[in-house]
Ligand code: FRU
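First, one chain by itself in structure tokens, the form predicted on its own.
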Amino acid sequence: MTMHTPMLDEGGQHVKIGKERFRPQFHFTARKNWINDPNGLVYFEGEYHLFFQHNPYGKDWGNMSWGHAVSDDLLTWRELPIAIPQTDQMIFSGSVVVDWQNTSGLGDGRDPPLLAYFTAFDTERDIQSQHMAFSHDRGRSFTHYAGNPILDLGAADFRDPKVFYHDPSGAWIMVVVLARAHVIQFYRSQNMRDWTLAGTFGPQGVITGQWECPDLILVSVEGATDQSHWVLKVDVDEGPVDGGSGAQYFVGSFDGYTFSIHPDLGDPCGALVDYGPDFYAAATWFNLPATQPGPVWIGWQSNHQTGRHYPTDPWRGAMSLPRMLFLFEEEGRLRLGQKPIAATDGLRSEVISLVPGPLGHGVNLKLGNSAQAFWQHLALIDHGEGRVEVTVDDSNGPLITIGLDCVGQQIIFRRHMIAVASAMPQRGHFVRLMTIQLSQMVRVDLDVIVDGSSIEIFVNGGRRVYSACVFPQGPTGTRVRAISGATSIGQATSWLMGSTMSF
């Protein structure tokens, strides 16, 4: 546990760190100041490392450096000092790998070094190039490589390297994006220092705004551990989610040189990773231990449109829950699913269950107790043209509405305008409406996880996901109301959630 100096609120009163208004209790937030993209996710010597974009000097974007936190369970994080501070250039997003064989020649002859690959932003020249740094002390500090930059196209929008080893083709791979051209490049290296362009992908799918934070992941098909496919994810800073920030993915194959969409399995137009307004720049962990099934990623639970105005203090920005990825078949195509890692179940306590039964028309049924942090599981069964509305609300009214239309086979998510949002300069972006198509809506399972200002909703075991930030004015709860048709509750269980804060 890290000790911190006392802090005062605007009225001069002492504030207990970790208990401020809106702060999540089991989602990672920095002690103070701005954070955004997760970076350099790696497991090494018993520690999960979470590096992240961080402004050490204020709660607005700027002075980009790599913050650092470690965990032994992916849930309880201990924040450490800045790992890679800004120099004459900002330190943008990237990845970390373990150089087990000292392939780079940057080892110290004892333990394998951690190699960080990141984008350096030269603000004077408006140039982004790829750099590397190495650590001999388990990521607590890094030394910049003397041969930087390792890739420099003289471009203003060339960023976010993801590095991994591709065993079938026997090379290290770097996935990096030309943001405004909507092109992903694939580079190869034998020594982890010199890189050669091998292939490209794009433009494809959503090409509004800028592409950012690519990740290339080998993901198993659910129920078939011997079957897996490559998933290429890329974030789009504006456009994919009701005009806001979001991410798209493609399912296909990767031969070590380029990525190809599988025309019979993947969607050539791409598909949304998360249907909510607040899930961005997700990255996967490198070198997961055998005890943690993977792949596992975590995302920045915010966005480019409204995140910089979110009314939190002294911190701004949070991470999502760590999520395990899987592929599943739906209507002849493979889709990407996400679900909370199994360890999250250990945070649940004080279970409250309702007796299953019919849901009468117009009945506004409260589910479980209101709280700052809870997990609500709800199974709704359609008996004929059912239309149901599930609402996450506080004492002032609805925060998120989930409309289930079994006739149209749709789920409609709406984030509502609330008091604090009305004061935001970008308040028009705060209200979001997203429609999700689902086949065979005879039974719909919802897992609603609320933690302070964070809401994550997993539909049918993670086959669709919706993530959003809200700012409750009091205790939060859920309600369900039947609008038409015949519907029953098959299961309704609530758990209060424990805290993992290390403050």
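No experiment lies behind these values; they were computed from the predicted model shown. A residue's number is simply how far along the shown sequence it sits, counting from 1.
Keep in mind that the form predicted in complex with the named molecule is missing from the display, and what follows is about it.
Distance criterion of 4.5 Å from any heavy atom to the named molecule in the predicted bound form singles out M64 from the list I449, L41, C469, M64. Interface residue among W195, F259, F92, Y310, judged by heavy atoms within 4.5 Å of the named molecule in the predicted bound form: F92. The named molecule is not shown here, but in the predicted bound form it comes within 4.5 Å of a heavy atom of D160. Looking at Q53, you'd find a heavy atom of it within 4.5 angstroms of the named molecule in the predicted bound form. Using a 4.5 Å cutoff between non-hydrogen atoms, E212 counts as a contact of the named molecule in the predicted bound form. In the predicted bound form, the named molecule sits beyond 4.5 Å of every heavy atom of H229. Annotated contact segment (heavy atom within 4.5 Å of the named molecule in the predicted bound form): 33 to 41, selected among 450 to 458, 471 to 479, 33 to 41, 432 to 440.
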